[in-house]
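Let's start with one chain on its own, the form predicted on its own, as structure tokens.
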Amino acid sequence: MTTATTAAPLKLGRQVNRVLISVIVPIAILVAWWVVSLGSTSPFFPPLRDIMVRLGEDWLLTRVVTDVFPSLLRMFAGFAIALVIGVGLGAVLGRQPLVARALNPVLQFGRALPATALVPVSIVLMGIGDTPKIALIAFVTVFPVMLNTIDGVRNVDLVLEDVCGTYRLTRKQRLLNVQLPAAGPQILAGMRIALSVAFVMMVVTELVAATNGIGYVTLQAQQNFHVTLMWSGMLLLGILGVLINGLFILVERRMLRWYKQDSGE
């Protein structure tokens, strides 16, 4: 038996073990929650069984088009805008240290603004439609992407810069083929932070002056004493957060496969 034929099953076995270890604790928590709440008569702590039924009937059937999809579309639209602006400006500022130094106080000021405090400002300026929500998500999430891109492009290995000079690459070729790929790990780290912020802002922007969305329905359920619907909304947000983070990790591993192989991770 060759080394390659024995290494593949071992690798598969390690991956299966990792998956099993990562799901044991969540399953144990759900089982404990199910057992503890099974006979609950408290209006504030309904049985998990009822919450799961509400999750399936309301969120996955009735509200998936009217509330779940609109929330996710707004979040991904704002996140996509932040990526374009953040990577574009970050790449430029990373190669122009004097301009970056001049703009740094403005960037730090914008990054320091509390996201929740900007909700009323966005409503006053742009109303209560989808536009202010998308714009606010984009504004808040652009800073992690931009600042990480600036650092990544600025710290490209000098050897790579010398190679670019040796082959007489144009600025565009250097940026697209060398500098941005080399800065990829830092850019993706910023994107991951930005995605988490975008998810939080998706809910926050729906708590004020909204007419649909997961955050809006969950808040309305709490105010109208529909406790089971409120709990199912929270459960849905947790599930979506885990799924979105998992998808991003898969994309990140795919894009940084060369980096992990080089670094031996």
Partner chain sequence: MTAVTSPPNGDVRKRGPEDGGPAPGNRPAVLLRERPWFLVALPWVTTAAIIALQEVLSRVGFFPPEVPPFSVTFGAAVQLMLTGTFWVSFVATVQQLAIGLIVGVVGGVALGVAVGAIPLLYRLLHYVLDFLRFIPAVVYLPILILVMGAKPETAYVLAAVGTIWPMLYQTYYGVVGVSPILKDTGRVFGLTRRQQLRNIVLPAVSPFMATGLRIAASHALVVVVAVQIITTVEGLGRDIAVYATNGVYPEMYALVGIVGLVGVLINVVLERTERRMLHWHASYREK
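None of these values were measured; they are calculated from a predicted model. By rigid core we mean the largest C-alpha set that fits within 1.5 Å across both forms. Residue numbers count along the first chain shown, from 1.
Quick note: we don't show the form predicted together with the partner chain, though the next part is all about it.
A single residue from the set Leu60, Met52, Val36, Ile239 has any heavy atom within 4.5 angstroms of the partner chain in the predicted bound form; that residue is Ile239. Contact with the partner chain in the predicted bound form, defined as any heavy atom within 4.5 Å, is confined among 133-141, 120-128, 165-173, 79-87 to 120-128. At a distance threshold of 4.5 angstroms between non-hydrogen atoms, Asn177 is out of contact with the partner chain in the predicted bound form. The closest non-hydrogen atom of Val68 lies beyond 4.5 Å of the partner chain in the predicted bound form.
In the predicted bound form, at least one heavy atom of Val200 sits within 4.5 Å of a heavy atom of the partner chain. The closest heavy atom approach of Ser40 to the partner chain in the predicted bound form falls outside 4.5 Å. Looking at 223-241, the residues that come within 4.5 Å of the partner chain in the predicted bound form, counting any heavy atom, are Phe225, Val227, Met230, Trp231, Met234, Leu237, Gly238, Ile239, Gly241. Remark: with the core as the superposition reference, the CA shift of Gly238 between the shown form and the other one stays below 2 Å.
Put the two forms on the same core and the Cα of Leu61 is off by less than 2 Å between the shown form and the other one.
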